[in-house]
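Just one chain is shown here, as structure tokens, and it is the form predicted alone.
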Amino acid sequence: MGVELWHEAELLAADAVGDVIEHWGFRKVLGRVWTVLYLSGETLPAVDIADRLSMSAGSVSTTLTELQRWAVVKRVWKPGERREYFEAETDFWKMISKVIAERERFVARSVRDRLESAAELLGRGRDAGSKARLERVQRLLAFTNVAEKMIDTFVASRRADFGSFGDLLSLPRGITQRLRRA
């Protein structure tokens, strides 16, 4: 495959992953930079990432710092090299579970805390409306507690059952093999 085709494919993939990352509430550039590193299959210096994505050095530096905070990119030192090199985390489970552990757990705790405060306020009321609202808030709180336990269990188990989706990991291999034969 020619360099131009490879670069075009790399940008398409980077934009696709960037769109997913943006949908999840992160900045699109995080997905784009991670994808370039992931596709390269080797460590890259920041200047190469900037060139491939037509980004400024400062933007790449900021992005790499954030990606390292999320543990989806790590800095790699090469003996005899002045430049810093970076590589992508390739364990999808590790990346997803970190995001779930930090973001989703935070949201669940925040919701639970506010619902508990609402229940406490409604518990002070003596009228029928307060009691009915308290019951509804308590139902929301019970659901939130279940959701929080599910998040904790999901992260702690390091397992997810995707059996109903078939063998998703073999799908790309099958497509790749068909493309090679064509």
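Quantities reported herein were computed from a predicted structural model and do not represent experimental measurements. From 1 onward, residues are counted along the sequence shown.
Below: the form predicted in complex with the DNA, not depicted.
Of V47, A142, A132, L39, the one that lies within 4.5 Å of the DNA in the predicted complex (heavy atoms): By the 4.5 Å criterion, the partner-contacting residue is V47.
The single option of R109, R83, K98, K74 touching the DNA in the predicted complex, heavy atom within 4.5 Å: None of the others qualify; the residue that does is R83.
Which of 109 to 117, 149 to 157, 124 to 132, 59 to 67 sits within 4.5 Å of the DNA in the predicted complex, heavy atom basis: Contact-bearing stretch, as computed: 59 to 67.
4.5 Å heavy atom contact, V137 to the DNA in the predicted complex: Taking the distances in the predicted complex, the answer for V137 is no, it never comes within 4.5 Å of the DNA.
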